[in-house]
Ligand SMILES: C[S@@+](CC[C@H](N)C(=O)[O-])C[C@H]1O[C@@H](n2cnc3c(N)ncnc32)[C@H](O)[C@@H]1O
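Here we start with a single chain on its own, the form predicted on its own, put down as structure tokens.
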């Protein structure tokens, strides 16, 4: 993916909004940025510290960053984080966007990289039905358990929200039109869904959901799953 194309990151102070698996943190360091990486999960950051050299890590809530001063960052980069915000009840989308606006310098930029929604006309490319069914099943089980889950947002919706909060000159581009699902990723989804199903109390419901999961995983063995799309949304303060 040709992400962050044309951005001058050398020597710039960048907020990595959501440490995650450390990919963006390392990318920003490699391009010479001074990075502050924030995540609500400390365990992500423990692993990432071993893979980086000079990033400052802060464990905190992106929707309440009172530990950061106003207008200090040249960029805020939100890499596959927006769709994950709803997994953590403490993080609210609008509140996080307000904080991004507050900590950015005037004429500086917020960059959001994430997935298009998997269903219907909201995605610019056709979605694989098996992928959609796995996504629906995982979300349904999470809702049965009262847990948050991934929620993909169309960039047009996010752009409208950002404009309402004071951002300007939003621009969206497609970074990757078809996203491959490797076998190990499917296996990770299977394990995650199965673990959640096993915590349900109703035996009949558990067995029905397990049957559905087995059907989808068996079908996945005979298919090359490649669908969905990834976008990059830029907005100036």
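Positions refer to the first chain, counted from 1. Fair warning: this is a prediction, and the values are worked out from it, not measured in the lab.
In what follows, reference is made to the form predicted in complex with the ligand, a form of this protein that is not presented.
Taking 132, 109, 123, 92 one by one, only a single residue has any non-hydrogen atom within 4.5 Å of the ligand in the predicted bound form, and it is 92. For the candidate set 103, 141, 81, 158, a heavy atom within 4.5 Å of the ligand in the predicted bound form is found for exactly one residue, namely 81. Residues placing heavy atoms within 4.5 Å of the ligand in the predicted bound form fall in a single listed stretch, namely 35-43, out of 202-210, 164-172, 35-43, 187-195. Although the partner is absent from this view, residue 23 contacts the ligand in the predicted bound form, with a non-hydrogen atom inside 4.5 angstroms. Although the partner is absent here, residue 61 lies within 4.5 Å of the ligand in the predicted bound form, judged by heavy atoms. The closest heavy atom approach of residue 85 to the ligand in the predicted bound form falls within 4.5 Å.
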